[in-house]
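Two forms, one protein chain; structure tokens for each follow separately as structure 1 and structure 2.
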Structure 1
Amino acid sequence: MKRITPSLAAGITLVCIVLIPALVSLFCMPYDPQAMDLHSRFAAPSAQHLLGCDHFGRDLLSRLMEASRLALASGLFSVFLGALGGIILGIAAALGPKWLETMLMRLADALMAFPTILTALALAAILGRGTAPSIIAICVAMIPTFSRLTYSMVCEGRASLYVRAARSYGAGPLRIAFCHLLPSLMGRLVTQLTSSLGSAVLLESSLSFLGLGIQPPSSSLGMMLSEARAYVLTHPYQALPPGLVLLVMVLGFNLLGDGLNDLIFDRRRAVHG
């Protein structure tokens, strides 16, 4: 049995490519990512600045390292919170009374249809400065995906033999949910979690592309791209590095998700076969 599929390997490699510099940036960076040097604005890549400088003469490599760290952190946070909320709501809808089920599932529909931009704006108004509003906005956008997934899987599992057996022993709905159903769904959820990381990172970057995400002087990939957009005619190169990092990051998570899926699928097949 092949344990490491090519997509899993590729995913791990790509994630490491962005993860390692991001972790390194916690301890050291070539330059202060916020230090401006107007003499070297738009500097081309050189020995001093490996990736060149932006429109304020800030070192692009250092800014990319900081931006990927923030993107990873906010992606992890929002997906984790979103998954937690979604799973709880999904289980509550599947095992709770009929009225709760209807209410929660309609609420999930409404959340899904509700524009993320509005959520981000409202949260920024309530929570003020910082990264929290955009993280929570992304988390809210993630909730419906997880609650629907959990809901449908729990509904399938509800009718299965072992659950009926557990119920006949007198196990309560909470015990059934957390001791019997959830473990069997874990594989599927982990896969979803990994590929959701990719979409969360993408969502964060589009929010900060619109100026709704991480605030300057901290850097974020979307913000760097929207800044680069202003200089597309004179300095098109500026748009390349942040986009590539974003692509590698999202691709990495998607491949990782697929690889994990294959792994779990293969193991199941091995068990059943």
Structure 2
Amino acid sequence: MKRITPSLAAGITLVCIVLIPALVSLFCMPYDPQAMDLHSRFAAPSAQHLLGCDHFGRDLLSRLMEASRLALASGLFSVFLGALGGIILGIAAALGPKWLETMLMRLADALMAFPTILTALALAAILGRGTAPSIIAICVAMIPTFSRLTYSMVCEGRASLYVRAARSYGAGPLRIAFCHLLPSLMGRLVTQLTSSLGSAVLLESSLSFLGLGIQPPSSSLGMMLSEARAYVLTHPYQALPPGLVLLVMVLGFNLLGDGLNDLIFDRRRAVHG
């Protein structure tokens, strides 16, 4: 059995640190994250409120647990949709007619010419504020990465012997793509999907920070950072928890993707070696 790499172990640890409280928040939280108590405004961390309270007297730990859950859910949903759309477009470009390949790949190149955050911001501004528009914006921003990756991998694999053998037995393009090519490419797609989760969480937090993502009364990491920036000098404990959770979440998914990539390709080298 292959040894777990340090990157994979660190990634799993960091992801679990934020995933477990997010799952616990589905069943119980210390306080209602939307409940205001003006007598507890800017309450410092204590036994009653472990992370303190914000400028409305809301418990920061409860809001952080809810925000982590929403960030993870939005990231997973947007990356899954973006990966699905990108895989379909990549396969269509690689196995379809030349005009379709040219059109889809030039469109992907045009979208990748802009930074992902600018694409997401432009789409969020057009679609409007809210959770669903932000997920759609992040999803569209993720599609070019997965379409390009799938296209390049399918182009490499379509000349292999097992694909030629499938063609000789009369298999059509769809059967070749989904029964022969995709299973052999899943390792690279999974590592890309895992690494993209960190980017999706960061994009969602950026949109929420600018008021285009998750809207009140729900809490989000970006919104908590935006609300805390006015008090960062006088009450720094307002901004530190959401900032640290965002850092741990993004770093955890990036390390997890790197670890999976090392594990998969080390195993392939061992098999072929």
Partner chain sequence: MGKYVLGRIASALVVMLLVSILTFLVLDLIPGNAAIVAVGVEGSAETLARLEAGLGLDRSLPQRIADYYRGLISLDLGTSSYYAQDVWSLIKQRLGVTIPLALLSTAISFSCALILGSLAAYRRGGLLDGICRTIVQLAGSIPSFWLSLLLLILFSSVFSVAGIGDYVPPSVSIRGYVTAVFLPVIVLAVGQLGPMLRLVRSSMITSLGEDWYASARVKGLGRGRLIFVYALRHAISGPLTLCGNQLAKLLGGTAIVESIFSLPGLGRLFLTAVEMRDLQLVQGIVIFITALVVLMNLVFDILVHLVNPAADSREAGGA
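Take the two forms, superpose them, and find the largest set of C-alpha atoms that agree within 1.5 Å; that set is the rigid core. Counting starts at 1 with the first residue of structure 1 and goes up one by one along its sequence. These numbers come from a predicted model, not from an experiment.
- Looking at the condition given, the form predicted together with its partner chain, one finds it describes the source of structure 1 alone.
- Once both forms are fitted on their core, a CA shift of 2 Å or more is seen for residue 232 between structures 1 and 2.
- With a cut-off of 2 Å and the rigid core superposed, residue 186 has a Cα displacement that falls short of the cut-off between structures 1 and 2.
- After superposition on the rigid core, the Cα atom of residue 121 is displaced by 7.3 Å between structures 1 and 2.
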